[in-house]
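As a starting point, one isolated chain is supplied in structure tokens, in the form predicted alone.
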């Protein structure tokens, strides 16, 4: 089943590259999204079929990330088909190939139980997403692409060095240097502590760069701002959690080695620092897509902080992966529709979105309330669980800073969002030909329904997946 989750998108990406019709090719994207979601549900409900290879195991942590990736891609795939139909004059062969390959590589990350293979998959996502960021072919998009490639390449190089250090921690202890997760967890107490600590720090910085943690986040505002809406949604809601999964892996190994106290401090501090940096850049932000990018920096900080708090906050942290990913889908897809209707991302030129685009403008406002942790939406439940975890762990200062930064983010984002949705659209914006369609609006509705469901009631099947992941991370059967 793990092989099917990886190779079905890859094979359909090859088919998309070979298909001659620029008009029919985009429809392979929703076909792939539907097939992948069906395979994901099948894998999650039939655990015995989830893995059949030593290096490919769909474990409880991978299931949470895979569910997030597959569900978000399903909705984004229909929006992408509508987006490419609107851009019918632009060749889409490269876009379709890279977008589908992107799904296959993220699936590989979720199933990989060999840290070397994980590194290859993460690097592969960088290569296939670079052409997607450049799709608009503007000076800003090529600048964003180069920043993305350069910064992430440096980060992934540090991640590779951290992987080497992890292998050497085994050799230094007189063990073999295998990098399979099972082997590392089994002999974690015997690993060389200095080399393991150095490996953790390098992997935190390396994969933290890909995850968008500050101060390694510099690629993220550019890439998220310039990429097409469905690509931005997948970068924020799916790719960043894949990088977080890589950090979860090394955290798991360190926890098995009895080093939770060592890893928790840097995770909490880098998490709070990321939230603080996001606050600074959210205040007075005039580019509403860049605003969403800095919101992603904030939420990656929340994930890092929740992981650093440890056991009391793990359920909320893993739930936040899912709730954040779906909510960012609502926001980026709505923002993409607004951008196409106005031809601008600046609040100086965009106003009255609720009148110009009633569905997208309204859902952009609702999505803002959801992503800032307002009830009754999924992020409220997950963030509240993390806050409870901080207080239960006796980390009152951390919990207080968390609340303060959430309030600052709400104020900063609110000023930008209200400028976009309120008022009256300009004459030029009202006369642009873009109109909302089923493909541009239905995915947003579907995502918002899921976000609302997670806020009102976490389905037992999802709660069970998260509980299993928490027990797995804690090393309990």
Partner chain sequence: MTNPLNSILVAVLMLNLFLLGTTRIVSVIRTVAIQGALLGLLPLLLHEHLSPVVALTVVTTITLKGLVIPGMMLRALRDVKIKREVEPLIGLQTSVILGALGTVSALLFADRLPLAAQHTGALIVPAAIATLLAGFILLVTRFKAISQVMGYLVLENGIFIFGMLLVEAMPFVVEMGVLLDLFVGIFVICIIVNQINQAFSSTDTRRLISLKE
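Positions refer to the first chain, counted from 1. Just so we're clear, the structure is a prediction, and the values are computed from it rather than from any experiment.
One more form of this protein, predicted in complex with the partner chain, exists but is not displayed; see below.
*Asks:* So in the predicted bound form, does any heavy atom of residue 87 sit within 4.5 Å of the partner chain?
*Replies:* Outside the cut-off, so no.
*Asks:* Taking the shortest heavy atom distance, is residue 222 within 4.5 Å of the partner chain in the predicted bound form?
*Replies:* The answer is yes: residue 222 has a heavy atom within 4.5 Å of the partner chain.
*Asks:* With the partner left out of view, is residue 369 within 4.5 angstroms of the partner chain in the predicted bound form by any non-hydrogen atom?
*Replies:* Although the partner chain is absent here, residue 369 would stay clear of it in the predicted bound form, with no heavy atoms inside 4.5 Å.
*Asks:* Heavy atoms within 4.5 Å of the partner chain in the predicted bound form: does residue 75 have any?
*Replies:* Although the partner chain is absent here, residue 75 would stay clear of it in the predicted bound form, with no heavy atoms inside 4.5 Å.
*Asks:* In the predicted bound form, does each of 134, 164 and 171 have a heavy atom within 4.5 Å of the partner chain?
*Replies:* Heavy-atom distance to the partner chain in the predicted bound form: all three under 4.5 Å.
*Asks:* Taking the partner as it appears in the predicted bound form, which of 147-155, 314-322, 354-362, 258-266 has residues with heavy atoms within 4.5 Å of the partner chain?
*Replies:* That would be stretch 147-155.
*Asks:* Sort through 410, 434, 27, 55 and report the residue having a heavy atom within 4.5 Å of the partner chain in the predicted bound form.
*Replies:* Only one option qualifies, and that one is 55.
*Asks:* So which of 188, 181, 406, 130 gets a non-hydrogen atom within 4.5 Å of the partner chain in the predicted bound form?
*Replies:* Of 188, 181, 406, 130, the residue with a heavy atom within 4.5 Å of the partner chain in the predicted bound form is 130.
*Asks:* Between 387-422 and the partner chain in the predicted bound form, list the residues on our side with a heavy atom within 4.5 Å.
*Replies:* The stretch 387-422, when checked against the partner chain in the predicted bound form, contributes no residue at the 4.5 Å heavy-atom cut-off.
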